[in-house]
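First, one chain by itself: the form predicted on its own, in structure tokens.
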């Protein structure tokens, strides 16, 4: 078993003078203030700390008053839930008053501020996310988080069903944290509760579902996690499509740096209709939908054996669909067969030009009058240019354009 220290190393962002100044400022007149959550968890497991949250017994109004008296900018980012962002030396810190939930509906909570750290610890989701540290890095563990860090285990605090019913998004968060921080089989009670409460996911906004699922797709053990979500019947509450786990597995193996949208495409996109379904189900952004649609459009046009396809044909496909979309679609198509894109094919795909060399301005400069024929000439010239494998030298391109003019002017 991995042993866990009773304090965290105060290095990097944790060593910042701005953090110590803020903690000292908040811990006045009998108040307390601690680093909490992800910063403590990541410091314990040796992962980078990118942001620091603070929990304090000081009320939000007192946090703002103290911060502003010290010349720090404050932003009431979640004031109803006790959260104030304090800017110190251009560094943002989220400061939240100790609180307990007095009412929840599975999506949001009504909170009560308090001075006791225990209710604040017990209202959080997982034990590994409910660790506190003082300004010297000494840890306060009220829920068994240190033991779970040492065991690389993700557990809900207290009754898993109760925690999930406070916010059904915690089901997806469980799978994400299991993927990123745990080793071995998931906690049985947590998995059983997630499975039994999965219908609660349907009450959440699709935007929250989307954000969490895209994180899962990029998590450390994404493939086995998505497979487990499918096996437990949770994935259908996220996407409508039947998942292609094997293609996702091959894509991740061959392209470990692939982003969430490409992984989503490998898992669930084979047609434009499926892209539209995902857009609606996950409230995808316009850019995300456009990317999926471009990949889906390119998929049927690409060969199953690109290494035996004439280079001219590959370059033409790349030009028609765009380098990145053609390459992504080819990665998915080959992942379906458990293979990857050969380097030679990758080079060919990227060797195609980005844009058509013929423009309306070029034609108008020759004395042609504006009109619909301009577009027809450009289309004819572009078609011949592609057929001749994108000649770049001016004489040949000029001849192609001249021939198109003769045919359509």
Ligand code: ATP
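Numbering follows the first chain given and starts at 1. These numbers were taken from a predicted model, which means no experiment stands behind them.
A second form of this protein, the form predicted together with the ligand, is not displayed here; the remarks below concern that form.
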#### Entry: Options 251-259, 326-334, 164-172, 223-231; stretch whose heavy atom lies within 4.5 Å of the ligand in the predicted complex
164-172
### Query
Of 360, 38, 357, 353, which residue is found within 4.5 angstroms of the ligand in the predicted complex when only non-hydrogen atoms are counted?
38
### Query
Quick one: of 281, 115, 152, 208, which gets a non-hydrogen atom within 4.5 angstroms of the ligand in the predicted complex?
208
### Query
Can residue 288 be called a contact residue for the ligand in the predicted complex at 4.5 Å between heavy atoms?
no
### Message
Taking any heavy atom pair closer than or equal to 4.5 Å as contact, tell me whether residue 187 reaches the ligand in the predicted complex.
### Response
no
### Heavy atom of residue 274 within 4.5 Å of the ligand in the predicted complex
no
### Message
Under a 4.5 Å heavy atom criterion, is residue 263 part of the interface with the ligand in the predicted complex?
### Response
no
### Query
Across 123-149, which residues bring a heavy atom to within 4.5 Å of the ligand in the predicted complex?
123, 124, 125, 129
